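Single chain ahead, written as structure tokens, the form predicted on its own.
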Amino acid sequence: MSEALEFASSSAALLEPYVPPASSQSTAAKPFVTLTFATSLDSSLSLAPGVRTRLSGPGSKAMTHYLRSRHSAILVGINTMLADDPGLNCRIAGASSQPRPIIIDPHLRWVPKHSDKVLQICRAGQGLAPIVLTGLQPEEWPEGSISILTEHGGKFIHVEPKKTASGGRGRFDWHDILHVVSQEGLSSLMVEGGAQIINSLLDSQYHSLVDSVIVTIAPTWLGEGGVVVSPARAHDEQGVPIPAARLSDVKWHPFGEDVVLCGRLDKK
């Protein structure tokens, strides 16, 4: 497996105002939610849908794993799971615990296999098996997938999809997602992506659910056609376009060649 990463205590101190408190309790009504991702100068997460794109340098990558050490769960969407085959664990040297992976997979597109990195890491004792949130009913879950996931200590949980106005595929309501996270005894959640997940959480109706935002900005342009972080357009009562979201209490910290932006969403 990959080698352990080091993250200086002086760097960790810079992030302290934006991470869950060490005394966070699982009995809280809502988990502490951190939205974090790496982006290019043109707000892209990757070169194209399904194309794995490395943006973080060594310093900001270590920072991301430190953030994982401070959260009890880490969440990604199904597109990230299929495109990246992520490990979803913490590799900070000396970490005392691992975050529980949460996968948003409304239609069970992920078919767990023993060769999946997240399950390999679990068998090696370096991470935890995922909880998969799906809109399918238990009788629709494939028996093979149930068997492999249960074998590793993971499981499926049904979440009722929120129907879209256009009649397309249902999406989960973030209140329902966080309710499940709390019910699982997880006191903090690190939301890492991908773009669909990030953009949905940046919708104004969910701003009150997000406790901090930590964004790594890489000094590169990916160009047109990238997967972009850009939430839906917002309008005022007169129908005039307004900014979809804005951060306050902002701090900027350099980590190698990258810059890390920390802030909190303005509550509307």
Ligand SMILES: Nc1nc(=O)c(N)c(NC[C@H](O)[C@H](O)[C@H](O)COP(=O)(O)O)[nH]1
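Since the structure is predicted, the reported quantities are computational estimates derived from the model, not experimental observations. A residue's number is simply how far along the shown sequence it sits, counting from 1.
The following text describes the form predicted in complex with this ligand, which does not appear among the structures shown.
*Asks:* Is there a heavy atom of residue 91 no more than 4.5 Å from a heavy atom of this ligand in the predicted complex?
*Replies:* Residue 91: yes, in contact with this ligand in the predicted complex.
*Asks:* Is residue 70 near this ligand? Define near as a heavy atom within 4.5 Å, in the predicted complex.
*Replies:* Contact with this ligand, no.
*Asks:* May I ask you to check whether residue 52 falls inside a 4.5 Å heavy atom distance of this ligand in the predicted complex?
*Replies:* Flag for residue 52 set to yes.
*Asks:* Quick one: does residue 84 come within 4.5 Å of this ligand in the predicted complex, counting heavy atoms only?
*Replies:* Because a heavy atom of residue 84 falls inside 4.5 Å of this ligand in the predicted complex, the answer is yes.
*Asks:* Tell me which of 122-130, 178-186, 136-144, 73-81 has residues with heavy atoms within 4.5 angstroms of this ligand in the predicted complex?
*Replies:* Among the candidates, contact is made by 73-81.
*Asks:* With the partner left out here, if you bring back this ligand in the predicted complex, are 38, 56 and 61 all within 4.5 Å of it by some heavy atom?
*Replies:* Yes, because 38, 56 and 61 each have a heavy atom that approaches this ligand to within 4.5 Å in the predicted complex.
*Asks:* For a quick check, can you give me the residues of 95-134 that have a heavy atom within 4.5 Å of this ligand in the predicted complex?
*Replies:* Only 117 sits within 4.5 Å of the partner.
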